[in-house]
Each structure stands twice: as structure tokens, then as C-alpha cells.
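There is one chain below, alone, in C-alpha cells, taken in the form predicted on its own.
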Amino acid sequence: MKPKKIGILTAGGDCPGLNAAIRGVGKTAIVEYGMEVLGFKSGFTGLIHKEYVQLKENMLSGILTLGGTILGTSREKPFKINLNGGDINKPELIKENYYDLGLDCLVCIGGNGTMKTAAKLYELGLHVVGIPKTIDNDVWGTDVTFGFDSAVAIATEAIDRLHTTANSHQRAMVIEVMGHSAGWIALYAGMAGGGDIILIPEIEYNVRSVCKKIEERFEDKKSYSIVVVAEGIKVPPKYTAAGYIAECITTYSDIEARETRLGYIQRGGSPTAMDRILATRYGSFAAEIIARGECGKMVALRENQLTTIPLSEVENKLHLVDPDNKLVKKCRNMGVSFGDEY
């Protein structure tokens, strides 16, 4: 039987672990199953313009520890309607190139937008397998995405460093981490870094409650406070999350507050050991299910067991922090505020 020929692409925002996932797919596909592997450049853009490189096994050595992605990425959304006109039907062009190259399956490594596109491509008749990545950990259907652990480690280190400055100056330090809709990074980094107040999009906060908590800490002779906020919490227009909270603390409590925004620092650098392992597991498992003839699915981790979930079930859903999450309760039990106490 003729060996299978597969394509790999990385789409959406970059994050630590992408190269580990590419390596996991490619090495397993080539070494274990004798497949031919093509790597498409710059996400779906490479598939649209037929820009790719044939990945050999030796080309996948030495990339496990590297941040970023050797294939490049983009936020190209081929199913998005072009309001400026244009006669290029991107989905049909992708389909044409898929068959012209003789692909048996396409591996799409990305977050929510990528899984949505992958689901639509499967509906078009293409054999597709998704691998979930995002530092926000908000892809529905899996317990964890790779990239998340690295982002938490970076955020936690930043919080650790802020403790000494906050203590020296007896201030409230507000640190903003990523998380538009999901507060996973803020929750985990806040807990790991000893945050006194954690504000996440899923739990509605009252800024007066935040200020009162900080005042109580100072009255209890606790000389500083650490406030960890997700970028997606509700704030007035033109404000950043950290900027708004810091301004309110200074205004309403007379306690000096300073803001720090981590931004894209959370996306860069070498992946943690956990992310290297998770990305490798996902990649290798994706090659395994392709060899079995499965498609139209996303690989996932449930209770530390690898499994698959139909792509149709993943699109248009988010994995959010339940306000009754066990970690939230543990934090509350230790006196951590979520800004909703008063």
C-alpha cells in the first residue's frame, strides 16, 4: 500500500511548543509509519499559495526546545468574507491545492480560530486533524493546551519579582496577564505567585471591593499587595485592565499602585518541559490516528488520557474558568479575593 502523504501547518498566534508539536507529528509519521510530510508556510496562507517544504526526519532534529514555529504562522482566515471584494475563493483554492498535492490528511495546529477553520475544511471534504494550542488554555474539549504551562511559568516568575519591589516600596502592584475571555493564566499564575487579588473575566468584580481588600491588608500590617488581572476583565473604554485597576486603587484607597503588563513576553521563548511533553504527545498521537484512518477530529487530553473529539463539537465553544472551580475555591479558602466579596 502506498505510504500516506500529510501536510502540517501552524496557524494563529505563536506560542511555546509549536515546534515540539511539528516534531511529534513529523517524526512519528516518518519513522513509524513511513509517511511523506509537507510543512506549509505561514498557516493557511501557505496552503492557499502552495508554499511548502518537504519535511525530512533530520530537519526535525534540534527543534524541540525552540520557541516560535519553523513553519511560520499567520492569522489568515480563509472562510472570512472579504468585504473589499476580490475573486479568489480561498476555501476552494485550498481544496484544489490539497488534492493537487495528493494529501491524505492535513494537520492543523492552532487555537479556537484554527479549529473552526479545520472543521469547515472537513465539511468541504478534506481529511483534517486538529492539534490544540494556545497560551490562554481556552480551547473547548481538552483539559489543557500546550503553551499554557509556559505562559503560566513566565507570569509566575514576573509576579515573584514584583513581590520584592512591592514590599520595598509598600505598594500595590497590579500585573496584567493574557486572557481575553478565559482567566486560566491569571488564576494559575496568581495562585502560584501568591497573588492577593485575582481578577478574571468569568467572575464579575467590583472595584470598590478590590480597594477595600487592599485597605484591609494594610490595616493588618501587610505592607504590600499583589493584584493579578486578566486582560479581558471589564474596564471602561480606552483603559487597559491593569491601568484601570491601578488608577482606581490609587484614587479610592490612597495607597500607591503601579501597573505591569506582560503582553507578548508570555508567548515567547523556549517551552517548559511540560509543554514539550504535551505537544509531543499531541503530535505523535495525531500521526497515530491518521495512520488508523481517522479524521475530522481534534486530539485532546482528558484526565491525562489522550483521546479525540469531533471538530464539529469544538468550534464556537470556549473552555472557561467555572466560578466554582476547585482552584478558585482553594484560593478563596486562603483569603485570596476575586473582587466580588462586598
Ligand code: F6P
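Computed from a predicted structure; not experimentally measured. Quick note: we count residues from 1 along the sequence shown, nothing fancier.
In what follows, reference is made to the form predicted together with the named molecule, a form of this protein that is not presented.
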{"item": "Heavy atom contact within 4.5 Å of the named molecule in the predicted complex, the stretch among 171 to 179, 88 to 96, 246 to 254, 200 to 208", "value": "171 to 179"}
{"item": "is_contact(K116, the named molecule) in the predicted complex, heavy atom dist at most 4.5 Å", "value": "no"}
{"item": "4.5 Å heavy atom contact, R267 and the named molecule in the predicted complex", "value": "yes"}
{"item": "Contact of D196 with the named molecule in the predicted complex (heavy atom, 4.5 Å)", "value": "no"}
{"item": "Proximity of I135 to the named molecule in the predicted complex, heavy atoms at 4.5 Å", "value": "yes"}
{"item": "Residue (of E231, D104, E76, E215) lying close to the named molecule in the predicted complex, criterion heavy atoms within 4.5 Å", "value": "E231"}
